[in-house]
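Just the one chain here, the form predicted on its own, laid out as structure tokens.
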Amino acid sequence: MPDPQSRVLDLIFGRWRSQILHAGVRLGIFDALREGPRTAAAIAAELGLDPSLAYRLLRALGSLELLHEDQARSFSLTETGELLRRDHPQTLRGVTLLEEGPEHYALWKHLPAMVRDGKQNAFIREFGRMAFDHAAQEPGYAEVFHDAMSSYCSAQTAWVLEALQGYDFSSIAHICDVGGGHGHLLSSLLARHPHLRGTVLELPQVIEDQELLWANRLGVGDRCTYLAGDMFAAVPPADAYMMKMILHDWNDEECVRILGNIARAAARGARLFVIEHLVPGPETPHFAKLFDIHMMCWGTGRERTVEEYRALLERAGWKYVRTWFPRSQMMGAVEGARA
């Protein structure tokens, strides 16, 4: 364990690391190295960078163990650095560009003021509008945001499938993923359970580009339908529903509206899985406790405990059943049944 002073200094300088990482991704360094080792001069020439300053950035990325540098100033990707290539199947490139990009970076300076005056949502303070409204007006931000969601989805899907690997889906024929994006999670679940058919409910602009949709790419296009709609208005009938990282975007009253709409469409006994980063007890450090501060900055939502999701379910006509976790406990699936 580091001494307390070193620990605090490490926290203070943490943003240096993430901004160095962001610069490397933004400049295309990880993609330039996908074919193997190259010199700093060759990378700089391809990407149109200053050779001297590029070398210093590459050296810093090496210090973060994202690149390996040899004695000839030649660099190659480490296993960790591979995850930042655009074409890596588990790429985290999009997450990097969103979370360390100019919009989200700008939000954090408002954190002390929000905590003082009890009013969250730094997007309103910085840009004068909600994040989703900002995305509708700024195509560049919208593209980065959707790339980030896609970038993160493979890890999330793996956690959810592991959490639900012991679940008995035999009584379920049709499952609807509410706000399911391009359908990575639902399509992966359908691939694992061949008797299931599914529906992804999403906003029209999210699913209009057919090339981004996962159902055909994962071989379940004959069992997966994409439906344009709005979860605040209505959802289709189904035997079961999923929502992954949806409710954390919204405050309690907004969540009850969404859950209530699903309850009205669901038959008695229908199942619902609320999939989120769940906040554990005070004795456990956890990513969800940090993500909660990001949500304080980003909008009206929050990360919640299992008990808090249970209360929301019960307010909207659902009965809490149990919570399913993967080994890492990174995410959880809170199961409810239509009361």
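Please read these numbers as outputs of a predicted model, since none were measured by experiment. Position 1 is the first residue in the sequence shown; the rest follow in order.
Here the subject shifts to the form predicted together with a small molecule, a form of this protein not shown in this document.
- This chain is displayed without the small molecule, yet in the predicted complex the stretch 222-230 from 191-199, 222-230, 260-268, 161-169 comes within 4.5 Å of it by heavy atoms.
- The three marked residues, Phe132, Leu203 and Met245, each reach the small molecule in the predicted complex, with a heavy atom inside 4.5 Å.
- Proximity to the small molecule in the predicted complex, defined as a heavy atom within 4.5 Å, holds among Glu100, Glu126, Asp249, Glu138 only for Asp249.
- Note on the partner interface in the predicted complex: the residue among Arg85, His146, His110, Arg217 having a heavy atom within 4.5 angstroms of the small molecule is His146.
- For the chain shown alone, Cys153 is a contact residue for the small molecule in the predicted complex, at least one non-hydrogen atom being within 4.5 angstroms.
- At a distance threshold of 4.5 angstroms between non-hydrogen atoms, Gly94 is out of contact with the small molecule in the predicted complex.
- In the predicted complex, Gly81 stays away from the small molecule, with no heavy atom inside 4.5 Å.
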